[in-house]
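Single chain ahead, written as structure tokens, the form predicted alone.
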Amino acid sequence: MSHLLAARIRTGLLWAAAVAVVALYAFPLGYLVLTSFKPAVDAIAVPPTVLPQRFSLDNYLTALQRPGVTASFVNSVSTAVIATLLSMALAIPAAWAITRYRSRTGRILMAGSLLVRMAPAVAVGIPLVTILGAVGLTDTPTGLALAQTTVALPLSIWLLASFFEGVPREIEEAALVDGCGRFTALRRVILPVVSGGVAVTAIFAFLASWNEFLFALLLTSVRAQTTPIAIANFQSQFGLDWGPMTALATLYSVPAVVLTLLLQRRIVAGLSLGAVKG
């Protein structure tokens, strides 16, 4: 066997493995989307079919006409945006100070944030029910955003710390010599250098809040109910209403998919920045 033929076989096997992995991950989402276009009878047919016998938008109309669905989308967007902004506002100075001063307090803060991130969500959520209830923030987007920040903030600190570690100290020292203060150097010099990492961190913080379910279940009832809870509400004593449920889940997946596709270059650039310099 020639070397050229062997190389082509290896390349073909690698492509086949890559396609198989992508298909494995994409199948659940593809099945969800295809089911959302099936008529109600076909959506619960046994045995199930992958492709719809005929395409129908009835599931989308049924889902969107359900009371509270539109408000749940607004609540999901508002809480995710607030949690992302709050996480970034706290994580940027925290990660920068930890990487620059390298104090024991910083190491303890990093270990504490990791501990909070690794703890089961229910261990954090149950105390939050009492705390937010005491200050009157239960069933409000603000209260839910504060709760989701406890999930996004530790992740943001760890990601940003790796990006800040990759910035040479000489850049910041040159800015200080030129008359910048610490925070001015951070804002005008350091942040533009790690802008890709900041974008990546913001995306992950947004997605962490966007996909969060348990806190929304514990802390909301009517006014601040998010879309994941609205999707779960399609379950009744008679079973699951598969058609509208898959339609609403498909609509809820669109913003996350679009955001990832639009910012994929920034994500790759940010991850490469952390990999090379971290």
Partner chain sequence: MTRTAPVAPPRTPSAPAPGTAAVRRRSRARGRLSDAGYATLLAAPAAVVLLALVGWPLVKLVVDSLYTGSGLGDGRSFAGLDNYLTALTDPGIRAAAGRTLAYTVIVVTAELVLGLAVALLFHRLGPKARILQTLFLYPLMIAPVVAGLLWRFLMIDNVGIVNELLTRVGLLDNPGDVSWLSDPDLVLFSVALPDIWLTTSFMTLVLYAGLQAIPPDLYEAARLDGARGLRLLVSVTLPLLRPVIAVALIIRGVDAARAFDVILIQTDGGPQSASETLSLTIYKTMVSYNDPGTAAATSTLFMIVMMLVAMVAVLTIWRPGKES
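Numbering follows the first chain given and starts at 1. If you superpose the two forms and keep the largest set of C-alpha atoms that fall within 1.5 Å, you have the rigid core. Computed from a prediction, not measured in an experiment: that's the story for all the values here.
The protein also exists as the form predicted in complex with the partner chain; that form is not presented, and the subsequent description refers to it.
A residue is said to contact a partner when one of its heavy atoms sits within 4.5 Å of a partner heavy atom; residue 150 meets this definition for the partner chain in the predicted complex. Within this chain, residue 35 lines the site of the partner chain in the predicted complex, having a heavy atom no more than 4.5 Å away. In the predicted complex, the partner chain lies within 4.5 Å of some heavy atom of residue 253.
Not displayed here, the partner chain is kept clear of residue 168 by more than 4.5 Å at the level of heavy atoms in the predicted complex. From the list 193-201, 105-113, 76-84, 159-167, the contact stretch for the partner chain in the predicted complex under a 4.5 Å heavy atom rule is 105-113. Heavy atoms closer than or equal to 4.5 Å to the partner chain in the predicted complex belong, across 20-39, to the residues 21, 22, 25, 27, 28, 29, 31, 32, 35, ordered by sequence position. Once both forms are overlaid on the rigid core, the distance between the two CA positions of residue 229 between the shown form and the other one is under 2 angstroms. Once both forms are overlaid on the rigid core, the distance between the two CA positions of residue 39 between the shown form and the other one is 2 angstroms or more.
Once you line up the core between the shown form and the other one, the Cα of residue 48 ends up 2 Å or more from where it was.
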